[in-house]
Each structure stands twice: as C-alpha cells, then as structure tokens.
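The chain below stands alone and is given in structure tokens; this is the form predicted on its own.
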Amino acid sequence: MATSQTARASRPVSKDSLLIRKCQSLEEMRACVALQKEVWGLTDIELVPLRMFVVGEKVGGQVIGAFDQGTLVGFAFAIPGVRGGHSFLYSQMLAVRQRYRNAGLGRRLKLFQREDALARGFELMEWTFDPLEIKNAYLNLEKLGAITRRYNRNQYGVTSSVLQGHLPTDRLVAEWWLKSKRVETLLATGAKPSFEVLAAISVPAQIYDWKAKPETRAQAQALQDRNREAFLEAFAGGLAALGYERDPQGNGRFLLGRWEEKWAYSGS
C-alpha cells in the first residue's frame, strides 16, 4: 500500500487516470469524511459525519467521488432541498486533494453533479462559497455559469478551518440554473451571454497571505467587512453577481448587473 501511494504521488496527474462516479460503499464514504478533514483541517465536531453522507445519498442527494486508480482524491456531496414549493439540490461541499487541484477536477465533479441532477428532473443546484476565495468565485461564475444574489453573514460561525483564517464564515449563495440559456450556452461554447456591468467588487490576490498570518488578519477582516456591505447594498438594489474577472497578478473582481427571473428557466 505504501509503495503504491508513493508511486501515485510521484507521477504527474493525468485527467485520463481519474474516474468520476457515485460512491458505492461505506468505505468510500468514510474516505470522503477523511478527505474533508484533510482539505479543511476541521476539528472532528465540525466535520460532516459519515451518517450524513449515508443518509444524504439515500434520500435523493449525491455522493460523487473522483478516483485515481481506486483511491478517492476528490468528492462532491449534495442533499435535496425545497424552497417555495420547488425542489433543488444543495451541494454542501466539494473537496479535492491538494496535488489534484488546478487541473479542472472541481469543474468535472460539478458537471457530473449537473448530469445526474438533470437526469432526475432537477433544474436548480445551489451551494455557498467564500467571497474572498478568488479561484472558487472564478470557477462558479465564469466556468459554470452560476449567479449569486444572496449573502449569508457568518454562516457557520468562526471555525477551526485553516482556510478560513479565523474570519467569520461569510458566504455567497451560488444559484446554478442547470437548463438556462446562460448555462447551456456557456457549457456548449465557452461564452456567456453579455450583460451591462453596473457595479464591481474587488478582492486582492494578497487576501490569502493576509488570512494566513495573525499580524495581517485585521486587513483581511477589514476587506471582508467592506465587501460584505457592498454585496448587501448591491443585492438589496436588485443586482446580482453575473461575472468574475482575474488579472495577471491574480486579483479578482465580481461583476454585477441586472438578473431577470425568467432567464433561469429552460430556453430563456
């Protein structure tokens, strides 16, 4: 076992070697729990437990794994939800082992989620993401075609996750309208429908360093506070984050415009 793990770790990651499928056993779901802890560094009491993965899959959710020669290296976990009489899938978490990041695996897991959701009659998936995470924002809005028009303050409270940097767990709510023209056009052609940019909210590339170091964490907190108010004001005014830009230095910028409800549905 140790020899095979060492060999796997030393070779380049190949997309062709990665298999994405639904998790099929308790052992595979246990591996999801372990990878969750590895990725976020959470204490045991903050982890989504094995029972939740099992129940989520049995009541219509998703436990989807990415496997490299039988070893779990990423997963996506979703549970069903209902709002206003309409059902949707809520993607609670997506995790990818560090050496497999930046190779498109997160997007592949999301696209597998979409295929499975559509096959079962869902038209909407939602999830939340940290507004300070530049790569996630770019993936969600530019590569998947999600939008966001809701902001949750300190959703989970301050957690032990090293990725959060001991900041409040503010979250944007991503809405992924699976059969909308916006999403279908993007996935088919790589281009989103254009929109008028009416506001922008910036995130500097230095945010990761600011969160990681106690001496600069106040700067990260100040940015989070400033951007929180900007998002809340924009959303209250009827705007939605519809795009995201990254410059060569790694800085990010949310692009906000008008969103019409009719655009969410099939063919619109």
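For every residue, the number given is its place in the sequence shown, counted from 1. Quick caveat, the model's predicted, so the values are computed rather than measured.
Omitted here: the form predicted in complex with a small molecule. The next part is about that form.
None of the heavy atoms of residue 258 is located within 4.5 Å of the small molecule in the model of the complex.
The small molecule in the model of the complex is approached by residue 102, whose closest heavy atom lies within 4.5 angstroms of it. Using a 4.5 angstroms threshold between heavy atoms, residue 106 counts as touching the small molecule in the model of the complex.
Heavy atoms of residue 235 never reach within 4.5 Å of the small molecule in the model of the complex, leaving it off the interface. With the partner omitted from this view, the residue of 183, 117, 79, 94 that lies near the small molecule in the model of the complex is 94 [heavy atom within 4.5 Å].
Screening 214-222, 34-42, 196-204, 52-60 for residues having heavy atoms within 4.5 Å of the small molecule in the model of the complex returns a single hit, 34-42.
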